[in-house]
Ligand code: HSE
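Next up is one chain by itself, shown in structure tokens, the form predicted on its own.
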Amino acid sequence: MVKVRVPASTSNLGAGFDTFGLALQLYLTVEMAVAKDFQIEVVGTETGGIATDESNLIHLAAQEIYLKAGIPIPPLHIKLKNDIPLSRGLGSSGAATTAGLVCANQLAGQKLSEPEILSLANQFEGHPENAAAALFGGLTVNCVDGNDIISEKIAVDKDLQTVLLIPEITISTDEARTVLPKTVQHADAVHNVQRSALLCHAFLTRDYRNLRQAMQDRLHQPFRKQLIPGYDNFEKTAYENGALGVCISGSGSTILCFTLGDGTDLRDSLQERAQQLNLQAATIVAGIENEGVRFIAPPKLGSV
């Protein structure tokens, strides 16, 4: 039996579309063991919509490990505790894919390397940044080069916090991609390249004076924010209450804000604005996870 804890993640961070992934201190915990019969158990705060049959994403990812290793796929007993909101742009599918791949790889005798696991995760996700953040933690900078994934990690300042406004609105990645234009202007591409470089500098130097400018985007947020009621109001409120930078988390619907300190005033201001706009939403403060996927000492199944 193997047990892992996998962090949630946010991606893009404004201008870094399909490039940046950042691990957050919200978690999916998974136990997996070879058993006589297939079984999936689900507990935790975010369980609605998680499949308990063989279509479960953790199970599908685990099967891929055995196929790649040339080992017969055994019946698996999987128990998961999920606290990552689903279809909210917080990397729930990336965490599930990573958990399935890492657990099965351990059970199969560590047949695949980390780069091979990330490449498999990219095949499942269609983009590498959430899985990379889940695997490695911190801020990951990701580049797809044919079948290879280059992923470099930047350890993040422990004082930097995120404040998340999580509407009760689900947005699938596929839905969020359908609203994007098929072509972009050269000036818009240059705009994003400049700001992505500026964001890397901010995180490397831990100097956040330019973070607001670094997170300005022209490739996806102007189109995706139409799917999130009140986005412009929330962004304005966040900056008026001290946010260092604001963006759509992944494909949405979560709105992410960076802050130094405990983040409670910013959280409360966003919650108040949500109430004024009659938007059902949770607001939480989440730290940044620098470690990534973590193996936990193996207790008995059922004690997640």
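Start at 1 with the first residue shown and count on from there. A quick note: this is a predicted structure, and the numbers were derived from the prediction, not measured.
The protein also exists as the form predicted in complex with this ligand; that form is not presented, and the subsequent description refers to it.
Among the residues H127, R218, H77, K81, the one placing a heavy atom within 4.5 Å of this ligand in the predicted bound form is H127. Heavy atoms of T173 reach within 4.5 Å of this ligand in the predicted bound form, making it an interface residue.
Contact check for R177: a heavy atom falls within 4.5 Å of this ligand in the predicted bound form. Among heavy atoms of D18, some come within 4.5 Å of this ligand in the predicted bound form. In the predicted bound form, none of the heavy atoms of T237 sits within 4.5 Å of a heavy atom of this ligand. Figure note: of the listed segments 60-68, 26-34, 244-252, 41-49, the one touching this ligand in the predicted bound form, with heavy atoms no more than 4.5 Å away, is 244-252.
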